[in-house]
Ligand code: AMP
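What follows is a single chain, given as structure tokens, in the form predicted on its own.
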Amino acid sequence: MSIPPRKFRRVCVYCGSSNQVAERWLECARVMGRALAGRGIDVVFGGGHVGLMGAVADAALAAGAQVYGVIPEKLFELELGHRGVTKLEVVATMHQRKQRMAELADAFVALPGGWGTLEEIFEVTTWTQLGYHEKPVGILNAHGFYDPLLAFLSNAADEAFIRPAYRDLLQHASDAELLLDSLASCSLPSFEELSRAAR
């Protein structure tokens, strides 16, 4: 039996914070910001005004969405905080930042990024796998950016490091609208599946 599509109030977007990247990556972030706003979905992000972070926030705001940033004190003091968002929360640590972003969001999306982006999307994917929340996760594979990562995950599943029930846990698409559709309609592992997988 198919489930009705999920309705998201807010989606957390993880992405790179470098201004040194090519314009196509910044445009990728703007497209996602506009796509979320176009569906009446507000944005949760890491609170920075630089790189893809700033681009997704600015695009979402310009398209009418509310944007909620969460940034640790250390980065805020470096004047990296986006002061134009709907609300900017300053927290003490990176751990508190990630926890607060997860609390605020109904789903999670990773755009192109580096260490931090990968760490964040893998953490919330693990939380979904283990039943700590029931929130879908996905990556925007714009311009094939995540092709090597998807190949790695496929190999990890083939080698039984990712169980069959979780093979498709991380949704992916090259188009923002298609990714949001997938997040709204994908099935998540049940507690019963989690229990069987642990045996």
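On a predicted model such as this, the values are computed, not experimentally measured, just so you know. Residues carry their position along the shown sequence, with the first being 1.
Omitted here: the form predicted together with the named molecule. The next part is about that form.
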- request: Could you tell me which one of 53, 59, 28, 36 places a heavy atom within 4.5 Å of the named molecule in the predicted bound form?
  value: 53
message: Going by heavy atom distances of 4.5 angstroms or less, which of 75, 91, 88, 102 would be at the interface with the named molecule in the predicted bound form?
response: 75
- prompt: Out of 45 to 53, 157 to 165, 28 to 36, 135 to 143, where are the residues with a heavy atom within 4.5 Å of the named molecule in the predicted bound form?
  reply: 45 to 53
message: I'd like to know if residue 18 sits close to the named molecule in the predicted bound form, meaning any non-hydrogen atom pair within 4.5 angstroms.
response: yes
- prompt: Contact between residue 107 and the named molecule in the predicted bound form at 4.5 Å, heavy atoms?
  reply: no
message: When the contact criterion is heavy atoms within 4.5 Å, does residue 116 count as touching the named molecule in the predicted bound form?
response: yes
message: So in the predicted bound form, is the named molecule close enough to residue 124 to count as touching (4.5 Å, heavy atoms)?
response: no
- request: Let me know which residues along 59 to 73 have a heavy atom within 4.5 Å of the named molecule in the predicted bound form, or say none if there are none.
  value: 71
